[in-house]
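As structure tokens, one chain now follows by itself in the form predicted on its own.
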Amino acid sequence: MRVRVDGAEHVAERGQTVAAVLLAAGRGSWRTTRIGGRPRGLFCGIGVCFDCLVVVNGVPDVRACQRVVADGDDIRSQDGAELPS
């Protein structure tokens, strides 16, 4: 499958989470905190901490560790709190 991460095309395997695709692409962080702009990425890996938030297909606050990728997904880094597009 093919997905886009911040505009760059990447290959994903069926069943991979967004977090797995991001880590395979060499990305350790993909969002910044609302206050302070500190980098965040995968922390707990089970959907509890909400550190791994990304924007998928225009929808913000998607937990990258919980969302399985689909062919053609457009994944973007999330800067602070975002409103749906």
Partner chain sequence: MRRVVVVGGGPAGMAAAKAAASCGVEVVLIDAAPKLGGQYHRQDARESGDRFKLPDGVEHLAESVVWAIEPILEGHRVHVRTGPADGPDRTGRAIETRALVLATGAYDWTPPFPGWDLPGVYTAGAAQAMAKGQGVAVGERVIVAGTGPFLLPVATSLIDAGSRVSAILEANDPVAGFAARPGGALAGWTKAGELAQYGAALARHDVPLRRRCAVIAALGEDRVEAVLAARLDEDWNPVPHTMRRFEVDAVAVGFGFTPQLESAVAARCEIEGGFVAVNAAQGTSVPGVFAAGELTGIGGADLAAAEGAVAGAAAAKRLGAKVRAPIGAMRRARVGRRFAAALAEAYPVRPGWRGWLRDGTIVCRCEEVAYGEIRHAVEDLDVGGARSLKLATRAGLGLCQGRICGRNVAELASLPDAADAFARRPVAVPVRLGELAEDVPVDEAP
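None of the values given here were measured: they were computed from a predicted structure. Numbering follows the first chain given and starts at 1.
Another form, the form predicted together with its partner chain, is not on view; read the next lines as being about it.
**Student:** Can you work out whether residue 76 and its partner chain are in contact in the predicted complex, taking contact to mean some heavy atom pair no more than 4.5 Å apart?
**Tutor:** No, no contact at 4.5 Å.
**Student:** Within a 4.5 Å heavy atom cut-off, is residue 71 in contact with its partner chain in the predicted complex?
**Tutor:** Flag for residue 71 set to no.
**Student:** Please check if residue 10 has a heavy atom lying within 4.5 Å of any heavy atom of its partner chain in the predicted complex.
**Tutor:** Because no heavy atom of residue 10 falls inside 4.5 Å of its partner chain in the predicted complex, the answer is no.
**Student:** Can you list, in sequence order, the residues from 44-61 that come within 4.5 Å of its partner chain in the predicted complex, counting heavy atoms only?
**Tutor:** Residues within 4.5 Å: 44, 45, 46, 48, 49, 50, 51, 53, 59, 60, 61.
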